[in-house]
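So this first bit is one chain, no partners, the form predicted alone, shown in structure tokens.
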Amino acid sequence: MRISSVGTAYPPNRYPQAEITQALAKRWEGKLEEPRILNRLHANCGVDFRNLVFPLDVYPSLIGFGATNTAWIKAAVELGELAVTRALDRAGITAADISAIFFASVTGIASPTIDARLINRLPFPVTVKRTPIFGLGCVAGAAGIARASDYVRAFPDQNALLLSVELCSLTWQDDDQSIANLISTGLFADGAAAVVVSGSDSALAASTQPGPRILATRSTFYRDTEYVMGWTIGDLGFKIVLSPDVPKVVTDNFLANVQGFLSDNGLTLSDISSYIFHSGGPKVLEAMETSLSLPPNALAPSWKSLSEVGNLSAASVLAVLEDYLVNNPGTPGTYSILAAMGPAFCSELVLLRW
């Protein structure tokens, strides 16, 4: 099994963080008890730029769940198609070569799902197997790769496609000036990523492309942590649940998870040459660095992604993965860990060998 390619796509409306902050401060004028808190929280998110699915002046007109979700469906199809096309082109295949699609998002809902709508736009086989995934949040990028690898393990001559589209700006809530929502509006952004995962007997797996092989995966569920992250969903749409305990949960659990996973595969942390981690935010990345005692710049691509495009929820770790494949593939024979954490609370680990 191998990761054959990654393709990303971002909306055309790109803004500096300060411009987004100013727009929200104006939009919420009279609702913020202390406007300087919004400025401070956004400045501390580690984000310099974000791409948004709409121009900033459009968002006040999107009122209620129906309007925002309808906008999400249209934009998710268009952005998802672009990410899929880029991933397929990089792999040198077409949609006709895909046997299974896994679709992950937590910022909108649709039935038929986005993957089904894409089958009507791209030449996927009518026999393609579809698995929509909703609710995993930030962890879904790594979990999606793991589930796609499960599929090609069972069907080693086939290729699977993972697509994540996250349009986090469509979850902004005008009537929620909680610290959690203020942080959310400064941290999360819009984007899509697609990954081609190939079975060991497929033509892609036998090619000379530099994609890493998937050796093992692990899911870990942390009991009684539902309060840490997620959504409450009501008439106005998705309202963020984001506890300040997120970094503590990472610190308390991540090292043992990684060490146990590596030990079961005959490895230790000293065997890992690179870390492909979800860009969850400064405190999350710092907690990962501290818990694993990582050397300086070990997570530089994750920090770079956070700064340049923000936290893309499930698509973030896939964007970091693309950076590795395109700009810094590992030396043949070296190992990497791909990891993300998200609602439940839970973690997903993927062991890769270049």
Partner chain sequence: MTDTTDEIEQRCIDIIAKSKNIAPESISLASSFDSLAIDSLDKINISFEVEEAFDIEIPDDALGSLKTVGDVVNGVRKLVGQPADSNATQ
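What you are looking at is a predicted structure, and each value in this text was computed from that prediction instead of being measured. Residue numbers count along the first chain shown, from 1.
Absent from the display: the form predicted together with its partner chain. The rest refers to it.
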- [ ] Find out whether any non-hydrogen atom of L294 is located within 4.5 angstroms of its partner chain in the model of the complex, and reply yes or no.
- [x] no
Open item on the list: If we define contact as a non-hydrogen atom of the residue within 4.5 angstroms of the partner, is V58 a contact of its partner chain in the model of the complex?
Closed with: no
Task: E34 within 4.5 Å of its partner chain in the model of the complex, heavy atoms - done: yes
Open item on the list: Contact with its partner chain in the model of the complex for L41, defined as at least one heavy atom pair within 4.5 Å: yes or no?
Closed with: yes
Open item on the list: Check for me whether its partner chain, as it appears in the model of the complex, comes within 4.5 angstroms of all of P244, K283 and E286 - heavy atoms only.
Closed with: yes
- [ ] Would you mind picking out the stretch of 64 to 72, 305 to 313, 41 to 49, 22 to 30 that comes within 4.5 angstroms of its partner chain in the model of the complex, counting non-hydrogen atoms?
- [x] 41 to 49
Open item on the list: Can you work out which of A154, A206, L215, I179 has a heavy atom no more than 4.5 Å from its partner chain in the model of the complex?
Closed with: I179
